[in-house]
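Okay, here we've got a single chain as structure tokens, the form predicted alone, with questions on binding and movement later.
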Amino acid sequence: MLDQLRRSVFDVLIIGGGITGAGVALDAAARGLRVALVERRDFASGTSCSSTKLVHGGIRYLPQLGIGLVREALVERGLLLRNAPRLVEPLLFVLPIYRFNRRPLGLRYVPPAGPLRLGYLELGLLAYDLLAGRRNIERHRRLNLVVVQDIVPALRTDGLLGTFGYFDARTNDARLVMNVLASARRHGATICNYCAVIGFERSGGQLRAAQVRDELTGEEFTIQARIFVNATGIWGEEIERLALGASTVHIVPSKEVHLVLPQERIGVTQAAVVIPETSDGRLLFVIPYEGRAILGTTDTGAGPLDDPRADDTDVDFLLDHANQYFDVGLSRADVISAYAGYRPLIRRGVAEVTAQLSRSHELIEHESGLISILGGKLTTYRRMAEETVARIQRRLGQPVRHVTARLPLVGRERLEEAVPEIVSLAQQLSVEESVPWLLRAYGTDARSVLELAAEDERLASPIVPGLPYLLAEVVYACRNELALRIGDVLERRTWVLFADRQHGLGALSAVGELMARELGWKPDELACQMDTYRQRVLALCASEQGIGASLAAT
């Protein structure tokens, strides 16, 4: 693959392997362009694996009058539900409104508590339904107390004014990136992780090649291209400075922190819950996800961009607000894990705080041949890519054609027809409990994962008992998804690091040995890789036995 990057001249080189870069790679390759993509770390290792796991219109943007952003996101939500079935799935959201809420959903004007307030909020939900148009999932509804207590038994009812139910969608963000990248490769794109752009070569005022360093070997080489796309998110200014000498955009990173909790403690299993108001004027979500519950998110200032972490203030903020709405008495000891990332927000005006900054994207074309696509939301990645590639085609003098609105992701076409065969194979291997996860993560390629387990029965064992991830996925990730480090598998190809109270450390030897066999690691390299993963766990969780115990002791 590195040889192909060195030898070829590409129409477009995409810098950044998150959801934005992956989307551009797929769109460009599907239009017949010669495409390369490089990522300095692993794919989806930044913002694209640290989201709230939602594909949604963004109900909280309506009070900010972000009608265009909400409409665009709702349309894209509908397309993703069709083009990535099971990976993107509808989800009911329970929205309780209490008498003590002063400005629920960040509303600027709120009628007095009572029927008028509920009616006012219902108008917003009606607008949300209407903006989705024919791609709406289901219409919102009012939920009576009996239904609410059945769906979310731990939700406080003292002072409950009324409850709504509306629909959005949920996804596995890192697996979405992997699926989009796999689709790009299927259309001929060349992609490579652990390759950092460290400079550019110019001629006649135009960028001609990117100088790239292999982060695993230290080797440096160049990649020639006609157009260069900066899709690096929070690092967008850095790439612009490398290419142009100065940045033309101001990115304001906003830290978002999420806690992973046991579903049984908070009682969120069937539907998501919206915490309608926080002390800083936003809202929070509690999302059922991969057998756990995700609570988030914060919206605070930035720290080290390469190493975002949850601190005590973040954890306490989230737990305190959850305990205002759930009658369960959550404590730090309940926290299985925490994860943090940065939203790449674009400052366009005089907004003082990150919560006021727009989540819309910015597309900037430079005469030198660099195009920056920055900002935006996970949900709208396809639209961002479509706009970017249209700009590329015009720059190359080609007719513009849009191809991805009806393009299923790899493994998603005729998926339901393949389900019986996949279920049957899983039953033969006694791993039928893993089928829902495998279908979400791989689509029809779940069959390939199970066939690996059929060839070697040891691979039918779970990576961690009680979780759906199989050892066969370790081998599949090495052979098909460019997994090159243990964290690539346990943190992004699967969700073991966050779902397991021991963060995958109990499976470290088994996973490491499988990867060593696949990737040709010698014993000293295996030891180094295992130590790197241990250090990653300690950095993220400050404990090898579940973050809750460590946090409770601080």
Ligand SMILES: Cc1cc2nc3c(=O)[nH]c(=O)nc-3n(C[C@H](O)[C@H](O)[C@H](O)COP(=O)(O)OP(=O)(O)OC[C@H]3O[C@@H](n4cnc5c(N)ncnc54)[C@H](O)[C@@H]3O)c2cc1C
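Quick caveat: nothing in here was measured; it's all calculated off a predicted structure. In this text, residue numbers run from 1 along the sequence as written.
Unshown form predicted in complex with the named molecule; subsequent notes refer to it.
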- Heavy atom within 4.5 Å of the named molecule in the model of the complex: which of 501, 485, 31, 40 fits that? Just give me the one. 40
- So which of 240, 256, 277, 386 gets a non-hydrogen atom within 4.5 Å of the named molecule in the model of the complex? 256
- Query: Just one of 412-420, 243-251, 149-157, 335-343 has heavy atoms within 4.5 Å of the named molecule in the model of the complex; which?
  - Reply: 335-343
- Message: Is it the case that residue 512, even though its partner is missing from this view, gets within 4.5 Å of the named molecule in the model of the complex, heavy atoms only?
- Response: no
- Contact label in the model of the complex: residue 297 to the named molecule, heavy atom within 4.5 Å: yes
- Message: Although the partner isn't part of this model, could you tell me whether residue 183 comes within 4.5 Å of the named molecule in the model of the complex, counting any heavy atom of the residue?
- Response: no
- Item | is_contact(residue 197, the named molecule) in the model of the complex, heavy atom dist at most 4.5 Å | yes
- Relative to the named molecule in the model of the complex, which residues of 4-31 have a heavy atom no more than 4.5 Å away? 15, 16, 17, 18, 19, 20, 21
